[in-house]
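First, one chain by itself in structure tokens, the form predicted on its own.
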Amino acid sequence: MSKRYVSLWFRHLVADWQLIRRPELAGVPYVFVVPDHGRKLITAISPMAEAAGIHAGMRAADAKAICHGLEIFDEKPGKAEKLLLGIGEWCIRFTPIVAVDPPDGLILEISGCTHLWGGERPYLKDILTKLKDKGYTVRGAMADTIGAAWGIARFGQITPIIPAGEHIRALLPLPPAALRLDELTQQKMRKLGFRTVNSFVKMKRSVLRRHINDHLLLRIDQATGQEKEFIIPLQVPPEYEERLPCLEPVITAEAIKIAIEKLLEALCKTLQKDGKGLRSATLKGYRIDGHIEEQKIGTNRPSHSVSHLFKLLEMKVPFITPALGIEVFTLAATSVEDIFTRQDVLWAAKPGLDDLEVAELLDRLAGKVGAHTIRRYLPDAHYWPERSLKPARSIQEKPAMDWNTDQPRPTRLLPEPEKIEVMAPVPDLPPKMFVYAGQRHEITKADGPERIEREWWMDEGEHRDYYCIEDKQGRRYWVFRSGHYDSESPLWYLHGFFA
């Protein structure tokens, strides 16, 4: 697929921003200035000030002399860059690849996007109309190369959409400045009498290099497509992403669900084709007021099942606030893994975590109660109870060793042992009573001790003597004494609960 680009030019970027903030300036000429060696130089002008003959680089005092009622504002450093960055992020709703083109433009790579808007003309019209509605003076052009789109946007006089393959012909009547030349190069060309691109583009390259410079040759090659040009997008687009522009702003939950289903059908089709499954995804809804609604989902196993993923996203719909309406939806698979074609006969014989339906059930539960509330642990190579298990990174992760089943372990292990008061009159025997959380527990049954030595290569301290005990109410606990029973006040701790 050949590349297509859109160049946007904001001729009065900072001035438009000022007018949006202060509508009372409508009908008033104004400029922005910066101090320069005791004087003030104009850096940005409003359309009315421009019509009065004021231009960037002029001294503010001279401008006041020729324009009555001129308002002067101090320029805020970096304001133009911030505005371009904000507008560029807003434009991501039209294409995932948007780059800032300082000092007053944006570049959009739109390959494969325009058909979602019904073609290139309604696509460009939609962008320009929305930006103008926001209050910006903007021109845009579409072409096969960045250089051609840039030149047409600023110097084109006929049509802003150059058909594929016709960008070179569209550049010929434009002035040399349309090739993004620096001021020194433009001065040389004016001295040599070059008024249009057509007047020099067919000359020998050696002649142009000798009389002008290599910069001109580079710009010619970039504009004509002989030299590849790359842009740095504001956000790295995900490999798997689907977009859905809406004919009318969406405000109902039912319409949002329809949009999600359409996005999933397209996304899962691509994933199935590539043998991939989704592990995490982000749904974004671009509202007409500029706000972006964002919801995320995750799965325990890679999945490209539309029905399963729809159930996960459906639970997020109540958390989406469409306000005045969502005009564009995007669904990106932010993490994918290889997935193999399901073999029903084989899967049917595998219970437990290898069962696809179990994994999908866990995904739905995680969507309701939160993924952080569902945990899975694997055995770890340690004696010390707190270190003898570790959280599993995924549902497919296999244990590197077997669980230690020689001694009983509680079903719930406290992350940190909690100190208890114990009465144990005879050394090396289990306690007869203990107090935990203000409640007294009389011990009726006990087993132990099990001595667990401290892992001396990791830290220092006393060993532990663990007892399994049961109180009068039938509740069972895992307690231990720290160190030997030779001290006056031995320390006892509660470390777990049995089922």
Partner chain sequence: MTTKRELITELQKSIRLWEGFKPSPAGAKGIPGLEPIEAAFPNRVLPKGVIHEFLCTVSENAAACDGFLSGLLSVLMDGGGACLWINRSRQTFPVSLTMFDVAPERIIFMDLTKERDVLWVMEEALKCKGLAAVIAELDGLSMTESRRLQLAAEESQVTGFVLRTNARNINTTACVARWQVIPLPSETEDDLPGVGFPRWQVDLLRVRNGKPGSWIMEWSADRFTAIPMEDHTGHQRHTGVEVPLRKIG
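Everything numeric here is computed off the predicted structure, so don't read it as measured data. Think of the rigid core as the biggest set of C-alphas that the two forms share within 1.5 Å after superposition. Numbering follows the first chain given and starts at 1.
There is another form of the same protein, the form predicted together with its partner chain; it is not shown, and what comes next is about it.
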- Among 268-276, 288-296, 123-131, 410-418, the stretch whose residues bring a heavy atom within 4.5 Å of its partner chain in the predicted complex is 410-418
- Item | Full three-residue contact with its partner chain in the predicted complex, heavy atom 4.5 Å, for Met315, Lys368 and Arg375 | yes
- Task: Answer with yes or no whether Gly38 is in contact with its partner chain in the predicted complex, where contact means some heavy atom within 4.5 Å.
- Result: no
- Task: Report whether the minimum heavy atom distance between Glu357 and its partner chain in the predicted complex is within 4.5 Å.
- Result: yes
- Heavy atoms within 4.5 Å of its partner chain in the predicted complex: does Val34 have any? no
- Item | Partner proximity in the predicted complex: Leu181 to its partner chain, non-hydrogen atom cutoff 4.5 Å | no
- Heavy atom within 4.5 Å of its partner chain in the predicted complex: which of Glu453, Glu442, Asp62, Asp447 fits that? Just give me the one. Asp447
- Note on the structure: If we test each of Gly438, Gly27, Gly57, Gly474 for a heavy atom within 4.5 Å of its partner chain in the predicted complex, the one that passes is Gly474
- Message: Suppose contact means any heavy atom within 4.5 Å; which members of 32-51 contact its partner chain in the predicted complex?
- Response: none
- Rigid core fitted, is the C-alpha displacement of Glu450 between this form and the one not shown 2 Å or more? yes
- Message: Aligned on the rigid core, do the two forms place the Cα of Trp17 2 Å or more apart, comparing between this form and the one not shown?
- Response: no
